[in-house]
Structures are given as structure tokens and as C-alpha cells.
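The chain below stands alone and is given in C-alpha cells; this is the form predicted on its own.
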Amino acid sequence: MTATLPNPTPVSAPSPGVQRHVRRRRTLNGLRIGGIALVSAVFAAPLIWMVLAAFKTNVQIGNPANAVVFTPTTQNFRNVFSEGVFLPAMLNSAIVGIVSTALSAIIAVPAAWAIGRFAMQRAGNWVLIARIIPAVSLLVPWYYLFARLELVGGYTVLVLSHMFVSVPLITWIMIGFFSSMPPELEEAGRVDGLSAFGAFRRISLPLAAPGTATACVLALVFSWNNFMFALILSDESTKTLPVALFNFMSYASVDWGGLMAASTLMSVPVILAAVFGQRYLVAGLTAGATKG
């Protein structure tokens, strides 16, 4: 007895509309990937050039033939540390950045909670105005005021000047974060006997830890990279890293190798913070984007 197999069902070809949709999606994906690669290359090229130049001599840096193929040297890094300026300047940057960020967070986080929780729109507008005022425009009155108070050249004036930018920055980020929190959480704490500030300290503040960390990291990066404030308000004992880079520049010449080596070392903490804290930074920045 011969068994008969059922005829296979013919597979119909995708309709022209489906094929056009697939081709359009592939084209858009290709354009998206190409755009991302182009933007990444534009932003990464200066960083790559800086790192490569840190391992070149000044002659190699000025020679286009040695743009990629060259004999690396570590003399630039040895020169950076042998001058005895880089490490004290790094310590000054760390002190000013950490202290100004910590004090700014102590002031800004409760202020942001009050503005966001009690809908103090007028106060929020003043924070925005303080955020967009160019800090450079205040350097002359700052210098006059702090010079009269005999504070120019110390850590105090650098911390205060950095806080002028850090406090509005942290406040503005945290307002959206606290506004997005359900008020029922604090109301439940109030029912259990907590005061308004107690509910903030025990309930809202722990929940706002990712946003607080994000705002503090951004404020610390600003302080670490700030040049103008330290140039005007510091002296030889308190100058920070951006000002210390001036040691590699003179009226007649520029030590490009030493400058690139110092810039590479200065960028390492910021790059490490961005790489290892990327997930938390993105979570903190987007946590207050929507309510509910």
C-alpha cells in the first residue's frame, strides 16, 4: 500500500507593500547607524588626537606624516610630574570640587524638594534665572568684593564662586525629580507622625538618591573643568588643574606634548566617572522627565 504525502502548502511571496516597508526600515536603520557613527567620530576625534599627541614629541605633533604611525614616548608624562605643579593642582581641584558640590547639595536638595512639592513656581523661575546668568559677567564684582574681604587667593572664594553655578544646577535637576514623586508616599509618613521635613528626610530623600547623585556628578564635573574662576580668584598655592595647564604655554612657544599629556591625565577622572556611572546618570536624568 502506497502512502500519499499531502501536497505542501505553497508559500506566497511577500506583497510589494511589505517589501517596501522592509526596505524602508533597513534604509532607516542604516542611516541611523551611519549618523551615530559620524557624530561619535566627530566628538571622539579631538580626544583621540589628544591622547596620541601625549605620546609624541613636539616635532612629531607638527609633522602630518606622524599622525598615526610614530614612535611613542613617555617623556611628556615624566615632565608633567617632574615640574611639581600637577599633583598639587589636582589636589586643589579635588578639594574645591568636593567641598563646593557637597555644600551645594546640602542647600539645593531641600530647596528643590520644597519648590517641587509645594508648587512654588515663582521660586522655580528665580532658580532658572540664576541658572542662565553668565557667571563670567559677575567676575569683576566678585573680585572687587572678595578683595575687600581679603579672600582672594584662598579656597573659600573658589568654593563660593563654584557654588554660584552648582546650587542652581542641582536645584533645577532635582525640582523635576521631586515633582514626579507621588505625594501619597509622604502623606503616609505624615499619618504615621512624621513632620513635613521628617517625611522628606526619611522618605523622599532616599528615593531621590539616583537624581541627587546625577546632579552632584554634573556639578563636580563643572567644578573640575572650570578655568575662568580659578584664573581670576586663585593664587599659586590654590590654583586648580585648568590653570596649571598654563605652565606649558609661554609667550613664544607652547609645549604641546606636555600640554596634551597633562590634559589626558586631567580627563581620566571625568572619563572614568562617565563610563562607570553612565547607567546611573541616564537613570537620574530621565527619572524626573515624566510625572506619575
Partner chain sequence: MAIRTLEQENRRLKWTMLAPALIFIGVMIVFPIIYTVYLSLTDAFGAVNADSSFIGLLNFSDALSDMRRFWPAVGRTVVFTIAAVALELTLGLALAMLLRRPFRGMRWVRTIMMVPLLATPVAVGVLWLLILDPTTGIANTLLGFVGIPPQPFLGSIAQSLPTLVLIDVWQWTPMMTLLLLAGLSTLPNEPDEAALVDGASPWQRFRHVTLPMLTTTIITALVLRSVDALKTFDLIYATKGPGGGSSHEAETLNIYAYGLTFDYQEYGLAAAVLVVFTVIIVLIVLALRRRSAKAS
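Positions refer to the first chain, counted from 1. None of these values were measured; they are calculated from a predicted model. In this text, rigid core is short for the largest set of C-alphas that superpose within 1.5 Å between two forms.
One more form of this protein exists, namely the form predicted together with the partner chain; it is left out here, but the text below deals with it.
**Student:** In the model of the complex, do Ala123, Tyr144 and Ser161 all reach within 4.5 Å of the partner chain through at least one heavy atom apiece?
**Tutor:** Every residue of the spot touches the partner chain in the model of the complex.
**Student:** Using the partner position in the model of the complex, report whether Phe70 sits within 4.5 Å of the partner chain, counting heavy atoms only.
**Tutor:** Phe70 lies outside the contact set for the partner chain.
**Student:** So, in the model of the complex, is Phe55 in contact with the partner chain at a 4.5 angstroms heavy atom limit?
**Tutor:** No, Phe55 is distant from the partner.
**Student:** Does at least one non-hydrogen atom of Met90 fall within 4.5 angstroms of the partner chain in the model of the complex?
**Tutor:** Contact check for Met90: no, nothing within 4.5 Å of the partner chain in the model of the complex.
**Student:** For Thr27, is any heavy atom within 4.5 Å of the partner chain in the model of the complex, or not?
**Tutor:** Thr27: no, not in contact with the partner chain in the model of the complex.
**Student:** Just to be sure I understand the contacts: of Ala111, Ile203, Met181, Ala105, which is the one whose heavy atoms reach within 4.5 angstroms of the partner chain in the model of the complex?
**Tutor:** Looking at Ala111, Ile203, Met181, Ala105 one by one, just Ala111 meets the 4.5 Å heavy-atom criterion.
**Student:** Just one stretch in 71-79, 91-99, 208-216, 192-200 has heavy atoms within 4.5 Å of the partner chain in the model of the complex, so which one is it?
**Tutor:** Every other range fails; the passing one is 192-200.
**Student:** Heavy atom within 4.5 Å of the partner chain in the model of the complex: which residues of 28-66 meet that condition, in order?
**Tutor:** Going through 28-66 in order - heavy atoms within 4.5 Å of the partner chain in the model of the complex - the hits are Arg32, Gly35, Ile36, Val39, Ser40, Val42, Phe43, Ala44, Pro46, Leu47, Trp49, Met50, Ala53, Ile61, Gly62, Pro64.
**Student:** With both forms fitted on the core, check whether the Cα of Thr57 differs by 2 Å or more between this form and the one not shown.
**Tutor:** Yes, the C-alpha moves 2 Å or more.
**Student:** Core-aligned, does Ile48 move its Cα 2 Å or more between this form and the one not shown?
**Tutor:** Ile48: C-alpha displaced by less than 2 Å between this form and the one not shown.
**Student:** Superposing on the rigid core, does the Cα of Thr27 end up 2 Å or more away between this form and the one not shown?
**Tutor:** Shift of 2 Å or more: yes.
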